[in-house]
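Below, in structure tokens: the form predicted on its own, a single chain.
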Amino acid sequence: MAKFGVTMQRTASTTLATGSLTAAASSMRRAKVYDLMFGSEATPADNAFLWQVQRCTTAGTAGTNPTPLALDSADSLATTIVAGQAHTVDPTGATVLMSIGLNQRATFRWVAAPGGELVIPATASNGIKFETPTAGGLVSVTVTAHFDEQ
């Protein structure tokens, strides 16, 4: 099992998604998200907002596709998980897996308990999206995700 990390960012946008991790259209395999970091690098302000981690059934239309990097340099590139950021069309959401209320000045890290990882199914374009549905006033937000390809 190779471990990967990717940082996804969104600046001022009309969409909710900051980023997404979805199974590729071919050669799909499962992946498990085990570490997430959320924050905002905008000018500090006292804004409250909500982060949601949600299953998605489409990949949406990403503005760009950042490359997940191997956390062990001996591993090859991620081949079955596609990262997207700054979506122009949001991925289609399904079940909300996690909701985290934060102040813009706060950075938050979530680490899965053993066996409690968020699983991306081996189904084309299905995965997990990270969004801020209440953060219309935020200029710039970032999520960093670490995951295992199975």
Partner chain sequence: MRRPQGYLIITSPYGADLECDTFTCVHCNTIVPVQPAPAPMPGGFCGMCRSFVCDSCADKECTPFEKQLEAWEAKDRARRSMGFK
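Residue numbers count along the first chain shown, from 1. Owing to the predicted nature of the structure, the values given are computational and were not obtained by experimental measurement.
The form predicted together with its partner chain is left out here; the points below concern that form.
Although the partner is absent here, Ala86 sits far enough away that none of its heavy atoms falls within 4.5 Å of its partner chain in the predicted bound form.
Of the heavy atoms in Phe49, none are within 4.5 Å of its partner chain in the predicted bound form. Interface membership of Asp90, defined by any non-hydrogen atom within 4.5 Å of its partner chain in the predicted bound form, is ruled out. Its partner chain in the predicted bound form is approached by Val119, whose closest heavy atom lies within 4.5 angstroms of it. Candidate site formed by Ala42, Thr67 and Val141: none of these residues places a non-hydrogen atom within 4.5 angstroms of its partner chain in the predicted bound form.
Applying a 4.5 Å heavy atom cutoff to its partner chain in the predicted bound form picks out Arg105, Ala106, Thr107, Phe108, Arg109, Trp110, Val111, Ala112, Ala113, Gly115, Gly116, Glu117, Leu118, Val119, Pro121, Ala122, Thr123, Ala124 from 105-132, in order along the sequence.
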